[in-house]
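Here are two versions of the same chain, shown separately as C-alpha cells and labelled structure 1 and structure 2.
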Structure 1
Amino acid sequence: MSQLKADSAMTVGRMWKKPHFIANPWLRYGLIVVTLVYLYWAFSTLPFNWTRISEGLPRAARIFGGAFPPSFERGGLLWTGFKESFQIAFLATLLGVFLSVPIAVMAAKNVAPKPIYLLGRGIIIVSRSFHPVIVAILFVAAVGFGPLAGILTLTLYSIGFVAKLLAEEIEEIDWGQVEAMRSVGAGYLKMLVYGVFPQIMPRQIGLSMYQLDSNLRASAVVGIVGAGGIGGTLMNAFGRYDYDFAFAILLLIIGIILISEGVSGWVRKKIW
C-alpha cells in the first residue's frame, strides 16, 4: 500500500519535458559552442569603425529630415530614367530568352551529348555565380557607360536563370513523343522543334514573364555602376545629397515593382 502511494506521488511530481530538436546532447551543445566561437571570431576580425557609426543616428535624422517630403519636381529626369530602365529590361529579356533556348538544349542531359552538356552547364554556372552588378561593371569597363552595358548584363543574367530552369524542364519531358518522332525518321532538329519545344512552350512563356519582372528590378540597380537606367539617377541624387529626390525615386521604384509583380503574376496564372 505504501509502495503504491509512493509510486503515484512520483508520477504526479514528474514534469513532462519537451523533447529536444536535436536529440544527441553532444551535437546540440557542440553546435551552440561552435556558433558562439564563430560569433566571437567574426566580431573580432570585422573592422567596425565605432566612432563613425556613433555619428549615425543624428545623420539618419538629417537624411530622413531632408527626404521628407519627397520631391517629384524633376519629373522629366524621372521619366527618362524609368523609360530607359524599362527599355533595358525589355530588350534584355527578349535577347536573353531567345539565347537561353539553345543553351538550355545544350545543358539538358537527355538531348545533348556529354561534352556539349558540360559546356552548357558551365555557361549556366558562370552566368549564375555573379551578381548582375558585378557583371555590369565588367561590361561598363568593356563597352563604356550607358544602356548597352545594362542590356548585355541583364541578357547574361536572364540566360543564367531561364536556361537553367528550361534545361530542367527539357530533362523532364514526356519521352514518348520524341521516340514517335524518331520512329518516323525525323532528324535531330525536327525532333527538337516538334517533339521537345511544344512540351516546354507554356513553361517558357511563364519563365519569360517572371524574368521580365526580375530584370525590371535588376535594371534599377545596374545603373548604380553606370549601366544606364534609373539607378544612375538615384546614385547621382544620393551623391549630391538630394535626399528628397532620391526618396521620390525609391518610392516610384517600389510602386513600379509592385505593379510589375502583379501583372506578371496575373499573366502566369492565365497561362498555367
Structure 2
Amino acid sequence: MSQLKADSAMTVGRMWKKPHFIANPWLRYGLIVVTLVYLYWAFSTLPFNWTRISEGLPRAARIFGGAFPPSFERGGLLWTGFKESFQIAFLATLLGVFLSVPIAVMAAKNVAPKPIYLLGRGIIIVSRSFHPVIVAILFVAAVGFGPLAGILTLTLYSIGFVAKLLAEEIEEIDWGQVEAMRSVGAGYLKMLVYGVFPQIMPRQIGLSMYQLDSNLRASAVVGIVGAGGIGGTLMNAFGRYDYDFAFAILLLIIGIILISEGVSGWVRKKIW
C-alpha cells in the first residue's frame, strides 16, 4: 500500500508525452539534417529563372482571362475530337482487358509454373515502366500520327494496370474451389474456367470499368503528342491562342469524366 502511494506521488504532476515516430534521436535528427541539405541542394542547383517566372504570372492571368467565357461555337470540331477519343479509349480498353486475362494467369504464382510466372511478371513490368505519353511518342514515331498510336499506347497501359491487379487477385483466391475441381479430374483449362475465373470475375469487371474511365482521361493526354483524339484539338487550340475554345474542351473533359465516374459506380453497385 505504501509502495502504491509512493508510485502515485511520483506520477502526480507528470504529463504524458506522445512518443516520437522515430525513437532513436540520432536517426531522427540525422534524417532531418539530410532532408534539409537535400532541399538546399535541389533548390540551389535546379535552373529556376525567377525573372521569367515573375514575367509569366501576368501572362497566365491573360490566358485565364481570355478563357472566359468558354466558346462552344465549333461544336463539330469538338464532337469529332471527342468521338475519336471515345473510340480510342473503348478499343484500347477492350484489347487491354482481353490480353490482360492470360497475362494475369501467367503472372499468378499459384497457377503458373515458375518460368511462365517470370515471363508474365516481366511483361507486366515492361508495360508499367513508362508513362503513356512516353509510350505514345514511341508509337507515333513507329506507326505515325493518328488514333492507331493512341490505341496501341492505351492497350499497353491497360495491360500494365489490369494484369497486375488481376494476378494479385488470382493469388488470393480460395484454393478449396480449385482443389474440388481437381478432385473430380478437371484439367488445367477447366480448373481455370470453373475454379479461378468465377472468383475473380467481379474484380475483373470493376477493373475494366475503372480502366475505361482512366483511358478516357489518358486519351486526351496522349493526343497532345499526336496519338489522336481530343488532345490534338486541345493542343491546336492553345497553339492558335483560342483560350476560350480550349477552356470549353477542358470543361467537356471534366463533364465526361464525371459522367463516366457515375456510370462506373452504378455498374459496380449492380455487380456487387
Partner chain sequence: MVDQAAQITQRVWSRYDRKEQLIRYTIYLVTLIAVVWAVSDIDIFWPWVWDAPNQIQNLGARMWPPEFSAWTAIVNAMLETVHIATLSTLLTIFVALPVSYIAAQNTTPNKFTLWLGRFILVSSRSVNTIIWALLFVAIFGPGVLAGILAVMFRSIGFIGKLMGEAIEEIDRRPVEAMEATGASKMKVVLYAIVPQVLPAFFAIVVLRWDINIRESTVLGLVGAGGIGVLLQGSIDMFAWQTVATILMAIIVLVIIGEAITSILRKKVI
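C-alpha atoms forming the largest set that superposes within 1.5 Å between two forms make up the rigid core. For residue numbers, the reference is structure 1: its sequence is counted from 1. What you see is a predicted model, and the numbers here were worked out from it, not measured in a lab.
Looking for the form predicted in complex with the partner chain among these two structures; is it 1 or 2?
Only structure 1 fits here, because that chain is the form predicted in complex with the partner chain.
With both forms fitted on the core, check whether the Cα of R217 differs by 2 Å or more between the two structures.
Moves: no, less than 2 Å.
When you overlay the rigid core, is the Cα of L31 off by 2 Å or more between the two structures?
L31: C-alpha displaced by 2 Å or more between the two structures.
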